[in-house]
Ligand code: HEM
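As a starting point, one isolated chain is supplied in structure tokens, in the form predicted alone.
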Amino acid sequence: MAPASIFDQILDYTNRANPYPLYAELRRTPVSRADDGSYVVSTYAEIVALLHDPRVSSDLRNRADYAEAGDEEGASGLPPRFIALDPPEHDRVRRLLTRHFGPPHDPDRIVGMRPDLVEIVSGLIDDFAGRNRIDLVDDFAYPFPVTVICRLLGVPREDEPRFHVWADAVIEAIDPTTGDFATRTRRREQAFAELGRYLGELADTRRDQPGDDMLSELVTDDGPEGRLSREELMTNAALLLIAGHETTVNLITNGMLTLLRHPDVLQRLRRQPDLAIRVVEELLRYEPPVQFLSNRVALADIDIAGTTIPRGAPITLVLAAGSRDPDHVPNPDRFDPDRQYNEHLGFGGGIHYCFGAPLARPEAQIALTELARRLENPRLVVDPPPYRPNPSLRGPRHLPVTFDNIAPAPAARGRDHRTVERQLHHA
């Protein structure tokens, strides 16, 4: 039996805790061929070039083997999400969604949420009182972004057990280790269809009784480009609900794990809340929540780094390897929030740059700052912790942490939440 390829070793769960030495080996061949026929790109310059190359599609219907998976729209009854579309349809749908989410169309929405973010974080940490051990994932990193995205979209928080099942099914279906492309596509579309129906029914109730949430605004939008169709709203609301919390869970958990492994930085953050901005940017480079993208397709033969990627071939962009490319950044395996140059691929790039980045940044900044400030003498229980199965959405499934005590919330010290807001404001 032939030895497993480097990328197959990366997919192997036994390497989940530390894939970075394998990424270094992968970069020796900037473009390699995986056992499933996909082309794996691992160096920074080549990844950036392909993220901006119009010959690279995000519409999986352009894959040469797509017919085996069946018609995506027919399988779910819904059109593809905007991240699975190319211009001009991608641009139209993204503009309609952005009008009600953030900059440049609605620059005040995310800024206006900052008091809510601080309130939610403070409440979750208050609940640690009387304990000296928590699971940072289940007790904090998961409920925080779930509560935030529910408020933003207008989804009842008490429905979390219901949509959690569909979200888990989607995450499992995008894991390349859980079956062939056709099988995973069908499972993914079925889960999106069920979640989309739930959100479509929820949106229908907002047509006559709108609130101040995104679902209400999307179903009553009278902008110059019109509204999303009901089916477009269903599929994209499902995407936002899942993407709006799954990756942020990893960002916060990977972040706290990294800080506990670097207690000097943790202590600095405790004393200097404004360090959070640089800490989060370095985390997006050093321990990104999304390790690679497997949803790209060549629309034509593409010559890159001495390899020709043929038309119709699937492409995997290993963002985590690119962000640690020593040809791009010095001392890439060192966690250094003070580094002067920190262009990273933590949110991807090009026209599909992470839609939720304006929200994920302040969520992580506020969460990590308050954990650093209020957990007294925090310590890891086990290192490495157990990881989630998915090699792409990589993060600990559990992160047991012990501590001596919980410091008072800002208000209890005579400060209000606006103090933390001002310290963490990131234009």
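Sequential numbering from 1, following the sequence displayed. Worth saying up front: this structure is predicted, and the values here are computed from it rather than measured.
Beyond the structure shown, there is the form predicted together with the ligand, which is absent from this document and is the topic of what follows.
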Stretch from 136 to 144, 248 to 256, 155 to 163, 182 to 190 whose residues place a heavy atom within 4.5 Å of the ligand in the predicted bound form: 248 to 256
Proximity of Tyr341 to the ligand in the predicted bound form, heavy atoms at 4.5 Å: no
Interface membership of Leu399, the ligand in the predicted bound form, 4.5 Å heavy atom rule: no
The ligand contact at Val170 in the predicted bound form, heavy atom, 4.5 Å: no
4.5 Å heavy atom contact, Leu359 to the ligand in the predicted bound form: yes
Check all three, Ala243, Arg296 and Phe355, heavy atom within 4.5 Å of the ligand in the predicted bound form: yes
Gly196, Pro314, Pro80, Gly346 - the one with a heavy atom within 4.5 Å of the ligand in the predicted bound form: Gly346
Among the candidates His90, Arg99, Arg109, Arg278, the residue which, in the predicted bound form, approaches the ligand to within 4.5 Å (heavy atoms): His90
Those residues of 283 to 320 which, in the predicted bound form, come within 4.5 Å of the ligand by heavy atom: Leu284, Pro289, Val290, Leu293, Asn295, Arg296, Leu319
